[in-house]
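Below, in structure tokens: the form predicted alone, a single chain.
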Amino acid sequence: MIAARFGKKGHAPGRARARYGRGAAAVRWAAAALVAGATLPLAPGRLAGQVPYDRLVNAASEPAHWLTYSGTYFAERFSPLEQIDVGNVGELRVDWVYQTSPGLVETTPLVVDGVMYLTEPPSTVTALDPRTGRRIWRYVPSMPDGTLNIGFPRVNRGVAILDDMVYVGTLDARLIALDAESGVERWSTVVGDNAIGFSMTGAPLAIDGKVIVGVAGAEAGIRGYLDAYDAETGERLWRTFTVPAPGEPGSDTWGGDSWEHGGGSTWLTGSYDPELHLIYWGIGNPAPDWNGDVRPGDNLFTCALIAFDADTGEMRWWFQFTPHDVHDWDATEIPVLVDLDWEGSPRKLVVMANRNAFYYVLDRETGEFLHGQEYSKQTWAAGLDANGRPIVLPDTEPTAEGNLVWPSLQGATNWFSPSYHPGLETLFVPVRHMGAVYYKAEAEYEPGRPYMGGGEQALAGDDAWGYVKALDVRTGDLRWEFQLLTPPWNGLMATAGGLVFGGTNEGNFFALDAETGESLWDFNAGAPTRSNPMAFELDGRQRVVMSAGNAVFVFSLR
């Protein structure tokens, strides 16, 4: 049985630590006032800098703005803007470039009411004038010496906004609320103990009165969870662990006391259905990564998609993609919510191109498995059974001598976003065509140290490349593919102008024809790209935003 519905109580609220900024606040406030005239069109009676919950629910009706990490709660990463189209995209030019602090830039900016909010490495938040790239304010959280980030680089993927506050998770596992107009800190609370490996790199998800955040740290042997915090005060409202304790549902899938350091990180951003009031969040790998001997069983709820009740954190249903994972195939990829006819009747669906190289379609009300199939090269499973459980091939686990398996630990795709074009009913996926030799080693837990039980050596050179693949959203069937020289680390964005935007490790931004995959535009940014594109409109001109190296680029037709 690979999926089930059940309930469990949320955990007792914790205490938050509130702190209000002083000193430099007046300077930041004055800087914000300098761009009071730089505003996007607002609905009658609406104040600038106010993003109530109803605006987030209806984000698709405000295509000039980009209000959430994935554009909308449904996580399509689709822009309804169509000024830039297949006929004129070749005329795109750079409007401005913003240089960030040193490090890997994986942020998706938000643009709302004439202000762009983005993050810089490792956890800095910056507000910019989206016309010019001029800085309005900047918030740099104090980061303790020796901050741990085991198993991943020092990155931050973005912020959330709700009402008049901007929210960011930090590398040392704090959630911080900032005044959207001035950048002044309103409150800060500790989400996890960084000393034993907890960290945060993903953009929060802001819903009605709550901020939802996940944690990283499976490679340090943490026990993962998903948290909800009061958006006004920072008080923790609920916590749901992704690895069950003895006596809880799913605990029988862990041997001995392996659950205590079982992993199950929640390090990327989930999706949300306001009508069902359900949050959909992908869960990471079990720990240790490559030695499954110390954790016999399916290891629920790692490598799964979970639907959480937004009010209580109760787990409504789950679906595990890779039981007893020994290849580090997280299921933290972005779950995309779609409403389509399925076998003749309307149905609420959630789709995911999983890191394990299979594509899945689930009923998002119940978690029922509806369809799945391979979308990239894999050598570990003969396919999926009628319930969606993988039929694992023998001799595909890591060994002391090394075992070649496809895909690599980075997976057939990874944290970077797919994009769904509702008009074409097509999901565009950045695909990594790469295998790896997996090694197994002894694993002994030590707080704040790597807990992996082996390693891998990925294939490279002529044995590895990448694709943008256009998949039929119902079946996963390939409609077209566009080959890349190397496996990508960049997400995609489709637009109503018939385009798909993306980037490459070689430093190129590109635009493809969404119907055919034909290359229509290419720009050499001079550094590898590691972010997700987004779009907004200002002064009647559509802009496209992408990042490369330590630079954020804004393009328009000028």
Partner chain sequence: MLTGGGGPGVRTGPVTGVAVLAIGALLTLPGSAPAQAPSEHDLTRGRMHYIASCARCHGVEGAGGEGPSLARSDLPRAPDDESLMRIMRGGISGTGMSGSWWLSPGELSQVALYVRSLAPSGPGDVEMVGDPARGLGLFESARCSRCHTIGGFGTSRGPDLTSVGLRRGTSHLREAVLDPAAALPRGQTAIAPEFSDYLMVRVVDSDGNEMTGMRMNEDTYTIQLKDGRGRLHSYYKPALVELEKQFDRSLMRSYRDTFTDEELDDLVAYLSTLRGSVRGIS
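On a predicted model such as this, the values are computed, not experimentally measured, just so you know. Positions refer to the first chain, counted from 1.
What follows is about the form predicted in complex with its partner chain, which we do not show.
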query: Any non-hydrogen atom of Trp290 within 4.5 angstroms of its partner chain in the predicted bound form; finding: yes
query: Heavy atom of Gly461 within 4.5 Å of its partner chain in the predicted bound form; finding: yes
query: Contact test in the predicted bound form: Leu92 vs its partner chain, heavy atoms, 4.5 Å; finding: no
query: Gly388, heavy atom within 4.5 angstroms of its partner chain in the predicted bound form; finding: no
query: Contact segment among 478-486, 303-311, 423-431, 242-250, judged by heavy atoms lying within 4.5 Å of its partner chain in the predicted bound form; finding: 478-486
query: Ala228, Asp230 and Gly282 each touching its partner chain in the predicted bound form (heavy atom, 4.5 Å); finding: no
query: Position in contact with its partner chain when the complex is considered in the predicted bound form, options Pro394, Pro346, Gly146, Gly256, heavy atoms within 4.5 Å; finding: Gly146
query: Its partner chain: the contacting residue among Pro296, Gly383, Gly87, Gly103 in the predicted bound form [heavy atom, 4.5 Å]; finding: Gly103
query: Contact set, 204-222 vs its partner chain in the predicted bound form - heavy atom within 4.5 angstroms; finding: Glu219
